[in-house]
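The chain that follows stands alone, in the form predicted on its own, written as C-alpha cells.
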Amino acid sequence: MNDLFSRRKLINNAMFTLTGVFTFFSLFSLFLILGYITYHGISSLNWNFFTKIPVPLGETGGGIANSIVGSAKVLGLACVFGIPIGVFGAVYLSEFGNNRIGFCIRYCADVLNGVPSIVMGIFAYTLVVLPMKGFSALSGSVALGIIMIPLVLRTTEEFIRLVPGSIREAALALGVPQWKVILRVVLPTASRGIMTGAILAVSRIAGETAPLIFTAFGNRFWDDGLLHPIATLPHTIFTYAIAPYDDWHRQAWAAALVLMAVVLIGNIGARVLMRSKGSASH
C-alpha cells in the first residue's frame, strides 16, 4: 500500500514538474516573440504612421492609415454575416441538434476549423472574385466570414449548453413558446459567452493573410466602397516584409506591432468577459 502511494506521489510530482517546465517555455517563447516585435516596431510608430497613406516607391515616410481602415472595414463586414450564421447554427445545435443532422453539422464545423485558411481564400476567390471579375473588400470579407462561422458556431453552442435546463423548464411551464424562451431567456443568459466567442473569432481572423491575397489583393491608396481592392494590415505586412526597402521593413514591424496589440486587446477583453461571467454565475 505504501509502495503504491509512493509511486503515485512520485508520478504526480513528475507530471507537475513537467507541466511547470512546459508552461515556462511556452510563456518564455510568447514573451520573446512579443518583445522582439515590440523592439523592432515601436521606433516607427508616430502620428504620420497612423494618419498617412503609403508614399511612392523608394521614398521614406508615410503611414498605413488606409490599411487600418481597410482591416476595420473587412473585419466588420465579415462579422455582419459570420457571427449571425454562427449564432443561429449554434442555437439549432444546442436546442434541436441532438440528431443525425446535428452530428453532421458539428462534424463539418470541426473539419472546417482544421482547413488551412488559404483554402478558404481560394474558395472565396472562386465564389466571389471570378463572378465579379475583380478583387474587392467584399470578397475578403466573405473569406474571413467563412473562417469565422465554425469558430463562432462551436464556441456559442458550448456556452448555450451551459445555460441551466431548469431556466428553460421554468419558462416553458409558464406557457411561453419555445422560440420565445430561446430568444428572451436562453440567448440573454448566454450573451456574455456568445460575445466572448465572437471576440475570439475576430482575434483569430484579424491576422489572416493568405485569404486576403486571393480576395482583397491590397491597395496603396484609399479604397472606394466595397467592390474594389482594399489594403489590410496582414497583407500590408506581407507586402512590406518581402520588399527590398529598409523603410518598408521598419513599417512592417510597426504594422505587426499594431496588429498584435489589436489581437491582444481582443483576447484580454474576452478573458475579462469570461471572468465577469464566472463571477456572476457564482
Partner chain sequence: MSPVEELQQSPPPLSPAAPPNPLRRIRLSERAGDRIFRWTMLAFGAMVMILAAGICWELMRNSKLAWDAFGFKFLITSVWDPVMEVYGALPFIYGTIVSSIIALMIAVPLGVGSAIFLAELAPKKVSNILTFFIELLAAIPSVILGLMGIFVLVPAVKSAQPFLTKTLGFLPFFQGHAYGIGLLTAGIILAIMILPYITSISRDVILSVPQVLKEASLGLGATHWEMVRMVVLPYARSGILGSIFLALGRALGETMAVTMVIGNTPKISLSLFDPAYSMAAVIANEFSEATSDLYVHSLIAIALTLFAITIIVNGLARLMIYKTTLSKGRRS
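Numbering follows the first chain given and starts at 1. If you're wondering where the values come from, they're calculated on a predicted model, not measured in any experiment. Heads up, when I say rigid core I mean the largest set of C-alphas that superpose within 1.5 Å between the two forms.
There is another form of this protein, the form predicted together with the partner chain, and it is not shown here; the text below is about that form.
Interface membership of R204, defined by any non-hydrogen atom within 4.5 Å of the partner chain in the predicted bound form, is confirmed. Contact annotation: P116 falls within 4.5 Å of the partner chain in the predicted bound form, judged by heavy atom distances.
The partner chain in the predicted bound form comes within 4.5 Å of no heavy atom belonging to S136. Taking non-hydrogen atoms only, G63 never approaches the partner chain to within 4.5 angstroms in the predicted bound form. Only one of 63 to 71, 220 to 228, 250 to 258, 42 to 50 places residue heavy atoms within 4.5 angstroms of the partner chain in the predicted bound form, namely 250 to 258. Contact annotation for 114 to 151: residues with any non-hydrogen atom within 4.5 angstroms of the partner chain in the predicted bound form are G114, V115, P116, I118, V119, M120, I122, F123, Y125, T126, L127, L130, F135, I146, I149, L151, listed in sequence order.
Taking 2 Å as the criterion, N48 does not count as shifted between the shown form and the other one: its C-alpha moves by less than this amount when the rigid core is aligned.
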